[in-house]
Ligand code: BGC
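Quick setup: one chain, the form predicted on its own, written in C-alpha cells, and binding and motion questions come after.
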Amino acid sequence: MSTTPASKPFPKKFLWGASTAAHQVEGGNHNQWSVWELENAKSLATQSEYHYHDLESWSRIKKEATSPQNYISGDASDHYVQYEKDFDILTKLNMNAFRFSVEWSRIEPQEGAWNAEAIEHYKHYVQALKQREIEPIVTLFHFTLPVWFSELGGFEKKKNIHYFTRFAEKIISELGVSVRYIITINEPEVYAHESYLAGNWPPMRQSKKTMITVLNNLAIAHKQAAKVIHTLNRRYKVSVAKNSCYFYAGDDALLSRKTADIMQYGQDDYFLKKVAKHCDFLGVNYYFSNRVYGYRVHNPDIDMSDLGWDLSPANIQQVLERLHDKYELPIIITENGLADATDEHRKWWLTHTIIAMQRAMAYGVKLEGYLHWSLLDNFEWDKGKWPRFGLIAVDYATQKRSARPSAIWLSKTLKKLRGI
C-alpha cells in the first residue's frame, strides 16, 4: 500500500460535506427508539458511572451522563424545524454535499398509511439543499423503525422485508431525480450486534443466531431496495454505509496476523460480499482501528476520543485501499469523525484524514466524497446527548448553534481544496 503523500488535487466534482441521521438531530420522532428511551432512561443513567467512570472525560460528562433526561432524544437538535438555518451553515462551511436520513416512522406512521405532510417536508428539505447547490445523499434506514414494523418483528423476519422495499419505492418516487445518491442501510453489522447480540439497543436481544439472521435479512433488504430503486431510474447511485474498522497485527506473530484477518473479514467482508454486486459505490464509515496481539485487541490509546475510542485517523488510508483492491468500486466516505466536546483533536483528525485520502487516491482509489460526522451535536443513541460529534456545537437548552474552531478551520481549508 502507498505511503507517500499525493500531489494530485481533489477533483472539481468531489463531494465535501457532513452527515446526520433523522432521530439523532430532528427531534419529535415517535419510533421504536423513542419508546425504548422512555422505558430505559433511568436505568441508563444509573448504569452510566459503571460504564464510563474510567473515561478521561468522566469528570466533565458526569452531570449529563447521570441524568435520565440525557437519554431521551426529545427535541434533539431541533433540525426538523431549523433545517434551513442548518443548510445555511453548510454553505458557510464551503460544503457541497449533505447526508441525512428520512424517518420512516414519519412517512408511514401506521402500516400502509402514508403521511402526505411528512413527505412534503422531505421534498422541501431536498429542494432547500438543491437551491444552495448542495448534493443530497439520502439514507433510508439509520437504526430507527416505525413502532408497527418493530412489533411485527422488524428485520428479524424475512417476510417483513417487503415493507421496507415498499417504503423505499414510495419515498424515492416522491423525491424523484432531486436525489442521486441513496444509502439503503446504515451500518448493518453495528445495528445487528448492538440490538441482537450485545443487547444494548432495542429490542435488547442476546442471540448470536438472531444477530446473524438480522444481518442476512439486511443484506436481502439492500438488494431488494436497490433493485426497486434502479427500476425507478437507472441513474440512481445506490449503496450501503458500511462501518469499517481497520484491524492490524501489532507484531509479526502468525497468530496476530491471522486473527486480524479473521476479524477484518467479520467486520467488512461477511456483509459486503453479499451486497457489493448490488452497489454502485461503497459508502464507508470510519472511526477507529484495532491493533491485534495474539487473539485480542490491544490499542495504543495514545490519543482518545471522549468515548474512549483510539484515534488513528491516518489508518483510513488502509481501509480505503483494501476496499478498493477487494471490491473495485468508487468510494464515498459517508461518516468520519470523533466525540470531542472541547475540540482538542478534531482539527488534527481532519488534517490527517485529508492527507490519508490524498495518499489513497494516489494509490488508485476512486474516492468521490468525504462526509464528516457530524454537522451538529447529536443524540448518540444509548449514550444520549453528552458525546459531542458536531462541527457545530448545539446548546440543547436554547438550540443555539455555534461553530467550533475546527469547523472554521475546515471552512477555510475547503475553500482552498475546492478552489472557490
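Heads up: residue numbers just count along the shown sequence, starting at 1. Just so it is clear, the model here is predicted, and its values are computed rather than measured.
The form predicted in complex with this ligand exists for this protein as well; it is not shown, and the discussion that follows is about that form.
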{"property": "The single option of Tyr287, Phe281, Tyr83, Tyr122 touching this ligand in the model of the complex, heavy atom within 4.5 Å", "result": "Tyr287"}
{"property": "Among the candidates Glu108, Glu135, Asp306, Glu335, the residue which, in the model of the complex, approaches this ligand to within 4.5 Å (heavy atoms)", "result": "Glu335"}
{"property": "In the model of the complex, segment of 252-260, 217-225, 267-275, 136-144 with a heavy atom within 4.5 Å of this ligand", "result": "136-144"}
{"property": "4.5 angstroms heavy atom contact with this ligand in the model of the complex for Glu380", "result": "yes"}
{"property": "Touches this ligand in the model of the complex: Glu103 (any heavy atom, 4.5 Å)", "result": "no"}
{"property": "Contact label in the model of the complex: Glu189 to this ligand, heavy atom within 4.5 Å", "result": "no"}
{"property": "Heavy atom of Phe389 within 4.5 Å of this ligand in the model of the complex", "result": "yes"}
{"property": "This ligand in the model of the complex - contacting residues of 23-61, heavy atom within 4.5 Å", "result": "Gln24"}
